[in-house]
Every structure is written in C-alpha cells, then in structure tokens.
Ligand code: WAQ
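To begin, one chain is listed below as structure tokens, in the form predicted alone.
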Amino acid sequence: MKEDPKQLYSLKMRASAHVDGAEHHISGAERILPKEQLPEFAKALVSRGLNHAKGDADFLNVKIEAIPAGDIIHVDALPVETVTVETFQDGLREVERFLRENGIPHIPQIMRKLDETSAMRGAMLLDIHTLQRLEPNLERGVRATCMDCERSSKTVADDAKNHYAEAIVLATKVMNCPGVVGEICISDDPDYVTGYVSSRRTGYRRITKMKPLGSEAGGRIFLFDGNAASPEDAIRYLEHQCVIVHGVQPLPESRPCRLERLEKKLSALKENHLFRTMRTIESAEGPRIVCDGRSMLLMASNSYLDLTAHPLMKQRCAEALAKYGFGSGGSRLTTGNMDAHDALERAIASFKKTEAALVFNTGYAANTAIVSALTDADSVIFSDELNHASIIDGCRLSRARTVIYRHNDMEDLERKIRENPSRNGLVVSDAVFSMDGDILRLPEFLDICQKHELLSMIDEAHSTGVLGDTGHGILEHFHEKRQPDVLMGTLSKAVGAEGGFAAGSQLLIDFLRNMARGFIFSTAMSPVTATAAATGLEIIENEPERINQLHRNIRLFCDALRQGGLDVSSETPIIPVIVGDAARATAVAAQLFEEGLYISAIRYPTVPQGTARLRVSLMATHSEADLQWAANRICNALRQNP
C-alpha cells in the first residue's frame, strides 16, 4: 500500500423523499476527488439525485470533507467474471452455487435473509456460523462508505449511474474488510436487474439477472466470519476507512450500450412469459400442416374457408405469374396500376354492394391509412376498446382526439358522443373482434352514427367470408340494408390471399386515392396477389357450402368443448378459451403442440393482463373427428396444467 501525498476530498450526495411522514431513500453516491474536480462532480451528483427512477426527491444533501492523504488505503480491484442467465430465478440459483463454492454454511437460511434487506439503507452484517445480525442499528444496517476508484485529472463527471464501476469499488473495499468472506448484492434500482456476489476466493461475479425488471426490491448482505475478526473492527473499517481502488476496468459488453434498453425490455418479456417466437410451417396452410418436420392439426389459422391452396387459386395465380411476372414496379399512382388491380377493386365493390373500392397492400396499412386520412387534429374518433391494433395506430397517426368506449356497449358509445360533440367525428369498430370472436351490434351502431351525423367505419377483417348465409359479411348477417360510410376489410383471411381494402361511395374512394398516405406512397401489390384475391371472392360466391360447413363446425366444436366442461360459445370461427395466467397459457399451448395440435397462446399486450387465452380458429375443412379430438386434447391439457 502506498500513500498519496495529494490532498483529496470526500464528496457525498444523499437524496430522499418523504411519503406519509416517513423518509424514503432515493439515491446516494460518493466520490473522492482533488479540489479542482469538486464543482463538476457535485453538479453531476445533484442531477443524479434529482432524476432517479425511484421518484422525485424532496431532500438532497451534499457533503464535502477533506481527507488526509495518510488516511487513505489503496487496493487493487477484484478480478471480474460475468454469468449470463435467462431469468432472475436462474440468477438466484447462481448465488446458491457461489455460497457452496466458498464453503459458506446455512445456504437456505441466508437466501431467505435477502428478503429482509429490501427496506434497509445499509447492508446486513451476518455471521455465517450463528446467523446472528451484527449491525448496531438493525433497521438501518451497516454502511460501506468513503471509497472511490482511481481517477485521472482528465476524468469527466457523468451524472448517469455507472452501476458496474461503483459495484466493483464497493465489493473490493468490502472484500478487504477484516472478517468479511463474501457479499451478495441486488440493486434496488427498478431499471437495473443485474447483481453480484463476491469473495476473495472467487472475485467479483456479475450475475445478469437477480430480480424482475421494475422491482424496487434489493439489498446486500456482508457475510462475516466471527471466528476471524471482531464485528467492531469490521464496522469501523466499512464505515470510516477511506479506500481508493485501482485497476477498475470498463465492463466488456457483448452488445453496445445503446442497445441495453432493448435487452432489458426483452428480458422483462421473457420473465413474464410474454416473449414471442415463431414456428416455421413447411407446407400449404390447411387443416393439417407440416411443422417442425411432423404432421399436425392446425387450429390457429385465419384461413377460415381454406382457400389458400384451392385448385382454382393455384391455377389463376400460375396464369397471372406467366402474364405479369411477380412485382408491380411502382405505386398505383405512377406505373404500378395494372388491370389485375382494377379487376380486384370491381370484384370487391360487387361483393360488398358498394359503388367503388380501393385496395391496400395489407389490412394494417388500410386501417392506418383510412383513419388518418378521414380525420385530423380537429376531429374526434370514437373507438371500441377492443379494436384491432391497426385501428388504434390509425387513431394515433391522425392526431385526432380519440375517445374509447366500452366494448360493444352502444349506450356508452352514445354517452361518450354526447359528452364529446364534434362536427368532424368518426366512429370505428371491428365487425368481428379478433381475440374474442364476438360480433358488433351493427343496427344500433348505425342508428347512433346517423343520429349524431358521424362518419361510420367497420373493419370486416374477420367477417368477410364468415358472417351471413353466403359469407358476404356483417350486413348480410343482420339483414341490414344501410351501408356504413366505410367498409374496410382484408383479403388475407377467409379470402385466402393478401391485402386490405376500403369499400364505399365513389366520393369516399376518390378521397382516399388522393389523401391516404398508405396508398399513395406504397408500391402496388403484386398483380399475382391481386389475381389471387379476386379468385378467392369468386370461390366464395360460387361455393356457399363452404360457409355452411364453417358454421356447422363452429356449433360442433363449441358443443364438444362444453361437453368437456368448458364454458364457451361463439357465432364465429374465433373461439377463445380463456386461461388467465400467461405462463399457464404458454404451458398449455406447448403441451398441445407436443401432442400434435397447433393452437396459439395469446397474451398481453394483444389481450389485457390476466386474460391470456388459447385462440382457437376453425376452418370449413376441419372434420368432425378433428374437432372432437382437438376438444378432448384442450380440456385434458387445461386439467393437467392447473
């Protein structure tokens, strides 16, 4: 150890807030610095105390004290290793492994002691043999202070907390304390899930996850061997001995720091069973598919009429490919408009019994473009709380004020309209709601829109080819003669192709053609795709028995689930089996997949928290045997995963 002849100063910051009369710690930090660096670092620490994830401080204290050079001990930083884990439970298991490696007894009891440290400002000083706590103030704990890393004269202050460097400094000081043989630390910062364990034998072991993201739980335990030193000597060292740590190296990051925010969000998704992955299907999409190299029953597809591989669909697409090639080469308003697009729009207008139609590349693009074109900052949009994400995003893009009404509640809709009068208003709703499978109360919806002279828009993504005796949609289902101002829909579900559309008056279509940015600035869909969509509409017109069989399958499957003890009903091929917990829904779906049944587990944010579900979707071509077998599997899997 060497003495530093230069005068140094201790700079300490502590920030707290008073809640219900009690003081709550927000942030604390310290530096050991030469005089000339004090102003810059003091400003940085004040900024840190006033801007913290744990909340706003109402008390902030900054303290500066001179330190005689002879009172400072200089030590080398502990060696560092990083242990990467997938979940915080795995991280806690790594702590147990560390304790075993270092020969520390009473491991389960020590792990339980971690829960007692969250409310403490300091650390627990725990005798590893007797499990006796040795801090004079058990509520506060013992504080390890008076320490910093070596700094050059060119060091620049940074108000962002460097968790890694500060943790190395603290762990290094603690591991040089008489009698301390190990440390366990979990940060109480809700935005930081990485923690560490340390000992003289194993060095500093950084564990990437030790708690859930967003949790303010945290704390530290100093593991003390009462046979090697006295508690008084240890506490005196921890709280009063000035230590400067040399050789703290930057953290070797596997990813650039600018991507850490993304990694944290993904970690949180994994820990809450909300992380999404994709499976690869290796065959045409029908009632039976090949996935992961094996045949499976598919009950998760929106291809309700099983038209994607219809013989006429394949034939027409092959002919279109030979005629046009594949790409369109430009937007519809420049060089991309082809007779295949015009033919498709005529077919949509005829199918929906409107004056005209306009095609978009996807249903998502159609909704965002239509809603944002029809409204602006002076508009009010009234939107069902369970509308599809594309409608929600269209509302956001429009800059209009959006008023959410309770799901399919026409009384609440009318009340919200009276409370938010607008001369330029739009009321928008799904026809069939994609996660619940229920149907819009259309006649009342149109009554309200007409009464208040508001534009009406209905998203028929899941009703075209599904509702009505011949699959023409929600108007046919209700035998409704009135047309909404905008009928929007997709060509990628029952129609068996790709794309979205708007159908309505010629005035509406002319307006959208000139104002809808998602149409104007997109390359036109492939003429092959346009041909496929027109063919799908033609098949629906010519084969109404497919719609009849789909409706029959809905009744059969709901009956089979009810016989298995599930309370389900639906008028559409979307049949939600509510599970509730995301982890349970994922486990049930995984078990069904292993048994040869492909059904999707739908979780937040697609559906509200606590309503995770299996989203069953039927095809007209599922056999009665398929339906009964699948219903039995679902009921059994739910019983086996309580």
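As the structure is a prediction and not an experimental result, all values here were calculated from the model. Whichever C-alpha set is largest while still superposing within 1.5 Å between the two forms counts as the rigid core. A residue's number is simply how far along the shown sequence it sits, counting from 1.
Only in words, not in the display: the form predicted in complex with the ligand, which the text now covers.
- Taking a 4.5 Å heavy atom cutoff to the ligand in the predicted bound form, the contact residue among Thr535, Thr572, Thr354, Ser187 is Ser187.
- This chain lacks the partner; the member of Val243, Leu374, Ala144, Ile547 within 4.5 angstroms of the ligand in the predicted bound form by a non-hydrogen atom is Ala144.
- Within 4.5 Å of any heavy atom of the ligand in the predicted bound form lies no heavy atom of Gly91.
- At the 4.5 Å threshold, heavy atoms of Met120 reach the ligand in the predicted bound form.
- Among heavy atoms of Gly504, none comes within 4.5 Å of the ligand in the predicted bound form.
- The ligand is not drawn, but in the predicted bound form it has a heavy atom within 4.5 Å of Phe222.
- The stretch that touches the ligand in the predicted bound form, counting heavy atoms within 4.5 Å, is 121-129, out of 99-107, 563-571, 121-129, 336-344.
- Relative to the ligand in the predicted bound form, residues Pro576, Arg615 and Ala630 are all farther than 4.5 Å at every heavy atom.
- Along 166-200, a non-hydrogen atom within 4.5 Å of the ligand in the predicted bound form is carried by Ala167, Leu170, Cys185, Ile186, Ser187, Asp188, Asp189, Tyr192, Thr194, Gly195, Tyr196, in order along the sequence.
- After superposition on the rigid core, the Cα of Gly286 moves by less than 2 Å between the shown form and the other one.
- Glu135: CA moves 2 Å or more between the shown form and the other one after rigid-core fitting.
- Comparing the forms between the shown form and the other one on their rigid core, the Cα displacement of Phe360 stays under 2 Å.
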